[in-house]
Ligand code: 1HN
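Only one chain comes next, encoded as structure tokens, the form predicted alone.
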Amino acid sequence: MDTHQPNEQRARLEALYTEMRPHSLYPLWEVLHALVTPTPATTAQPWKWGYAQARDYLLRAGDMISAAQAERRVLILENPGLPGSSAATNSLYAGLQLILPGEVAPCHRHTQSALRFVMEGEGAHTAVDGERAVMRPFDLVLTPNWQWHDHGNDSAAPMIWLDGLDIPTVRFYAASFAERMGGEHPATAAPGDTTARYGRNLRPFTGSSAARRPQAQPLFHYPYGEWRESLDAMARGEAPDPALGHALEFRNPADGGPVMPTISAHVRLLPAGFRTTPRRATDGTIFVVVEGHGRAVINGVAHDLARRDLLVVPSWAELVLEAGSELVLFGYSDRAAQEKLGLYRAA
């Protein structure tokens, strides 16, 4: 709004606004500059959570409340710039979930899409529509939109993983539904059955009795041993990209696109001593340090990175990564949704 308006004109406009307000009518010209910004604007802040501290709080909570009582025993990683939102970025949620030996997080399903990235522990499972994925450190396991899922720990040690969901996106559209089955889903297939059917550039004939997984999103387990080997092969064969290092995106074998409709996930490897060129992107990203140590410089501010630390890089923040040793990162963002809407941009 023009700040050089005559006092008389301003007074008349304010009187008009006062008269309109009870009818829920407002002048666009007073707020247009804040609604249509020349570059992305967010109150989300760059932020790092040290894993050791978060783990301590989570284990202490495990002594006080059971998985059955909590339904999901999770510490929310809330961005300090988005207080009260339970959000890590404007569109995505992040939380650390704990399952203790012998526990079951009961079966439910919801319209929110979710990924699980294993932080520590081995031998627990996530079951999707009755098929178990045995979880090992740094595996990626998906629980797609509206598919039944439960978690159980048959091992002798605590199991902790990162939950990544599109809760804020679904909340924006007011489109949340959920159902609870309780307990564990009856077994429908042996562990690894889906990977054998769909994970090797093969699939059962569409419409046949063997086509047991949803056609649009069949695969849900991406083991660390496989994606790490692929990163190593890339690093042996070519120079790192200046802005990304060696980077691979997890894909949906049905269409070659992102693993879920609203969430993209990827991994990066930076050789020891490598420093990326500055990069900005519209997708706010949550990172996990899988291996090594280094620094993330976000909008000129440095954040030291150690193994299993978690980091948020908001939309359009300038990111530079520095690898003190060979540095491996996992990240997820809303790039999948932004690309569908024609919003994604990187520079």
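Being a predicted model, the structure only gives us computed values, none of them experimental. Counting begins at 1, following the sequence as shown.
Note that the form predicted in complex with the named molecule isn't included here; everything after this is about it.
When contacts are defined as a non-hydrogen atom within 4.5 Å, all of 93, 97 and 151 contact the named molecule in the predicted bound form. None of 246, 266, 110, 125 but one reaches within 4.5 angstroms of the named molecule in the predicted bound form through a heavy atom, and that residue is 110. Checked against the named molecule in the predicted bound form, the candidates 135, 270, 142, 165 yield a single residue with a heavy atom inside 4.5 Å, and that residue is 165.
The candidate stretches are 34-42, 66-74, 53-61, 306-314, and the one lying within 4.5 Å of the named molecule in the predicted bound form by heavy atoms is 66-74.
Contact between residue 185 and the named molecule in the predicted bound form is not found at the 4.5 Å heavy atom cutoff. Although the partner is absent here, residue 221 is not a contact residue: none of its heavy atoms lies within 4.5 angstroms of the named molecule in the predicted bound form.
Under a 4.5 angstroms non-hydrogen atom cutoff, the named molecule in the predicted bound form lacks residue 213 among its neighbouring residues.
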